[in-house]
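Shown below, as structure tokens, is a lone chain in the form predicted on its own; questions about how it binds or moves come after it.
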């Protein structure tokens, strides 16, 4: 597998990448015990986006990774190796081809500044939503279009009777990773989760790589 790009995400930071059909996005937790938020948008060419010639790929803010569709078609709130991630238009976007951690979340939206204020009374806290918006914005994705993310390594357990959720320590051990193969051209965003409560009180880095074995 040929590595095309590697990005180191310090704690509470994010990035955005173009992923061509057939390429693989690897998200790795080098130290373990750290959640990574992942979101994807269909990519469109500069011509279809109406941009000037020579402009790079842009995201289609009207077609995004849908946790709801993924739950519908997978008939599960969990994903792992072999799971397909769908868009809001029912397009297969990504397939998980490797998963060394085994537990991830599709239920919880990316943390936001408003969430920290409303739940914890903390103003101006770094957040996954702001980090994703910062890096996806240049690709044409406004903050208001960022949906519920795939929260890699996040352990969320719903009570079978009340539905109330419990957030537990992340599933990742040092070096654990997830590989996601693009089924269509995509613009993806990844954030090293900013919420201390999600990461057992500590904040660690995330490594992101793009591979091509076609």
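Numbering follows the first chain given and starts at 1. Not measured: the values here are computed from a predicted model.
Keep in mind that the form predicted in complex with a further copy of the same chain is not shown, yet the notes after this line are about it.
Annotated contact segment (heavy atom within 4.5 Å of a further copy of the same chain in the predicted bound form): 145-153, selected among 22-30, 145-153, 169-177, 184-192. The shortest heavy atom separation between residue 103 and a further copy of the same chain in the predicted bound form is within 4.5 Å. Under a 4.5 angstroms non-hydrogen atom cutoff, a further copy of the same chain in the predicted bound form has residue 92 among its neighbouring residues. For the chain shown alone, residue 97 is not a contact residue for a further copy of the same chain in the predicted bound form, no non-hydrogen atom being within 4.5 angstroms. Using a 4.5 angstroms threshold between heavy atoms, residue 76 counts as touching a further copy of the same chain in the predicted bound form.
In the predicted bound form, no residue of the candidate spot (6, 13 and 135) has a heavy atom lying within 4.5 Å of a further copy of the same chain. Contacts between 138-165 and a further copy of the same chain, taken as any heavy atom within 4.5 Å in the predicted bound form, involve 144, 145, 146, 147, 148, 157, 158, 159, 160, 161, 162, 163, 164, 165.
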